[in-house]
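Shown next as structure tokens: one chain only, the form predicted on its own.
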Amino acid sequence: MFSTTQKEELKKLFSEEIGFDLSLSPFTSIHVGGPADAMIWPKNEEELVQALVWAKEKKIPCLILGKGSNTLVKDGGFRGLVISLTKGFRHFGIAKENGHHVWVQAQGGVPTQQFVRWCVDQGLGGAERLAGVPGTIGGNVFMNAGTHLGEIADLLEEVQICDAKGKLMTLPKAKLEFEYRKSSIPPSTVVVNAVMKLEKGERGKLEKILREIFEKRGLSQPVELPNLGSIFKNPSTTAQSKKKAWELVEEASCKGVRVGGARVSEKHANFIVNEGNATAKDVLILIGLIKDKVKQTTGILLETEIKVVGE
């Protein structure tokens, strides 16, 4: 997709942190996917803005990628520019304190589990609701990730974003809308920073909660194999059934079903694992099969939680 001139322009902007025709498989948690025309790792906000403005001017599609934990890249790859925040946007720390409350700022590329562990080590309560959630803070904010303990939106105070035109904006939480696994942040927008309000707590108690969550997760989720995290959203409360997505998949006898190298996990029916040689096509066929079976069995059409990109 890129002309020789465009490649040279990109090299000048990102001489060190750039790659062409890179397979995206190593950059996604399920380890499947074709190549990207170009991939860059901006070091700071200035470079991020430069990249977005350049791509906008050249009418080149952009894909913002964190740890690729809920992103399925098709086997044909991505025609455009992939921007990864995993090298230059990894700073986090305490922004301010007031009594029992502590405001923590975290950049979009911060790995969520590193952040959770740090909060617990500091004796800061609240972040444990994200224990076991894959990906980065930016991706988690964008999709309002969470667990049975709550969602990241519960903690948010403000979010700094950069739009597709390279404009940086800081928005209070009140200016954004958050729903189950969804936010009003536009798809072409980058979450640069998030400020979260936490509470001072007892480190020992928080460590106990964290340990229990991870022990349970290890027993109930296929953490030992490449996967995308939860594939389907739980049906809305208005659906005919109040069952969770994994229960509906089990009811439809899909647990353990395999297509090529992709299989519905035996540990958790809402996970698809890569048994070693899966392709994106295998995963997509399996998702379609599950949706059809669940619809036939229960009348409910499951909605995917993952993002599918590429061709």
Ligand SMILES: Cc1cc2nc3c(=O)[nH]c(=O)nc-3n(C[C@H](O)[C@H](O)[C@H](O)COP(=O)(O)OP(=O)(O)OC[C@H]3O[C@@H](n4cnc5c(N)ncnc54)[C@H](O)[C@@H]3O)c2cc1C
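One rule holds for the numbers: they count along the sequence shown, beginning at 1. Because the structure is predicted, anything quoted here is derived from the model rather than measured.
Although it is not shown, the form predicted in complex with this ligand is what the next lines describe.
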property: Interface membership of G125, this ligand in the predicted complex, 4.5 Å heavy atom rule; result: no
property: Non-hydrogen atom contact K67 with this ligand in the predicted complex at 4.5 angstroms; result: yes
property: Contact label in the predicted complex: G80 to this ligand, heavy atom within 4.5 Å; result: no
property: Interface membership of P235, this ligand in the predicted complex, 4.5 Å heavy atom rule; result: no
property: The unique member of R90, R203, R181, K74 whose heavy atoms fall within 4.5 Å of this ligand in the predicted complex; result: R181
property: The single option of V104, A153, V116, M143 touching this ligand in the predicted complex, heavy atom within 4.5 Å; result: M143
property: Which of 96-104, 183-191, 204-212, 169-177 sits within 4.5 Å of this ligand in the predicted complex, heavy atom basis; result: 183-191
property: 4.5 Å heavy atom contact with this ligand in the predicted complex for all of S3, V32 and I60; result: no
property: Sequence-ordered residues of 125-158 touching this ligand in the predicted complex, heavy atom within 4.5 Å; result: G132, V133, P134, G135, T136, G138, G139, N140, F142, M143, A145, G146, T147
